[in-house]
Ligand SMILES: Cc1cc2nc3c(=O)[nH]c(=O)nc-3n(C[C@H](O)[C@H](O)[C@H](O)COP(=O)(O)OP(=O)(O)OC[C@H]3O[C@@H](n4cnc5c(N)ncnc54)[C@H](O)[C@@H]3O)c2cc1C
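Only one chain is given next, in structure tokens, and it is the form predicted alone.
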Amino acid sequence: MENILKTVLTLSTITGLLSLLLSIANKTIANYGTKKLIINQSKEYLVEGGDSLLSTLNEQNIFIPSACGGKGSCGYCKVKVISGGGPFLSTEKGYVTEKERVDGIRLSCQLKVKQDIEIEIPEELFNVKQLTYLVTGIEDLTSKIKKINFKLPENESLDYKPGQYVQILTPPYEGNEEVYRAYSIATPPSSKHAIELFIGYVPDGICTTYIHKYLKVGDKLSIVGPFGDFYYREGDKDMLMFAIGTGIAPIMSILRYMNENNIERKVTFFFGARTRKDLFLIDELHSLEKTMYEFKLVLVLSRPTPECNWNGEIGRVTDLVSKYILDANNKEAYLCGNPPMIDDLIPLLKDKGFIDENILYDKFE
């Protein structure tokens, strides 16, 4: 017992010394002083050096998309660095292509602001807001997916395009630090003061665990957005939509927008799930078949059970390409789901003659 206590005390002492040394290092070695940040050749900021570019931008209320919360595991927080970014880092290699690297593209969560730095970002990111939403409703759509309704104060609003997403800032809880996680908006842009998100449970997921097990009606959450280049494109092409699970969220935003505005385009939506219990919003989708210009819903189950009493399509949404799509003539595709689904669908659509600019997709990590 005495030896155990000595070991614990020794480890505690070492841990304390390491923490002290890190603290001293942060205040001395990592003290880079005030640096100049120039954005798009027109906006200039004086910032404290030493932190990541992503965090530095956040401190200036400029929010770059980062689905992983700055952990370097999503590759969303890319910016173009004109000068001052320092050497390219090994942690960026898996997310920045060689062509992007040549063009100056970097992961803003990885590079540190150690000198004056000049960058370029899309102008629309200056319109991104961090707002405090009130949770007004929580509903189980399936055993693993919840619909969360959020509302803003009347003097606040969010302008977004149908199909875009926001990031929830999950507060610290049970030893977990705060993190950002991305979720697509399911409501149409006309809903400026209230939004709806579909959030699936991921075991050990920091944000999804908080949402599913701790969040209550009446709570408030900080939400940042809008983000994303996956959104409805104006035009007259026939629209083919593919989604599984919570990938239906941006599709619903687009469909609701089209329905509200009486847009006259042909739309076919292929929605996949494992069993009948995993399907949701089906009544609303069938209602859209009656009210939209020309909308067809095709449901497919990959693992129907006898209890499903299923007489519809069986397989994966990818299996429906050969059956329902003859060619790419006057068509564009909207794909929403996990990476394997998207990666399987794209070559199948290209085999039908689709080109890159007519395939829009949102990979749900």
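Bear in mind the structure is a predicted one, so any value in this text is a computation, not a measurement. Just count from 1 along the sequence shown to find any residue number.
Another form exists, predicted together with the named molecule; not displayed. Remarks below refer to it.
- This chain appears without its partner; in the predicted complex, the one residue of Arg101, Lys71, Lys114, Lys277 with a heavy atom within 4.5 Å of the named molecule is Lys71.
- The contact with the named molecule in the predicted complex, taken as any heavy atom within 4.5 Å, belongs to Cys207 out of Ile223, Met239, Cys207, Met292.
- This chain is displayed without the named molecule, yet in the predicted complex the stretch 197-205 from 265-273, 279-287, 197-205, 127-135 comes within 4.5 Å of it by heavy atoms.
- Using a 4.5 angstroms threshold between heavy atoms, Ser253 stays clear of the named molecule in the predicted complex.
- For the chain shown alone, Ala243 is not a contact residue for the named molecule in the predicted complex, no non-hydrogen atom being within 4.5 angstroms.
- Of the heavy atoms in Lys147, none are within 4.5 Å of the named molecule in the predicted complex.
- In the predicted complex, the named molecule stays beyond 4.5 Å of every heavy atom belonging to Val321.
- With contact defined as any non-hydrogen atom lying within 4.5 angstroms of the named molecule in the predicted complex, the contacting residues in 163-184 are Tyr165, Arg181, Ala182, Tyr183, Ser184, given in sequence order.
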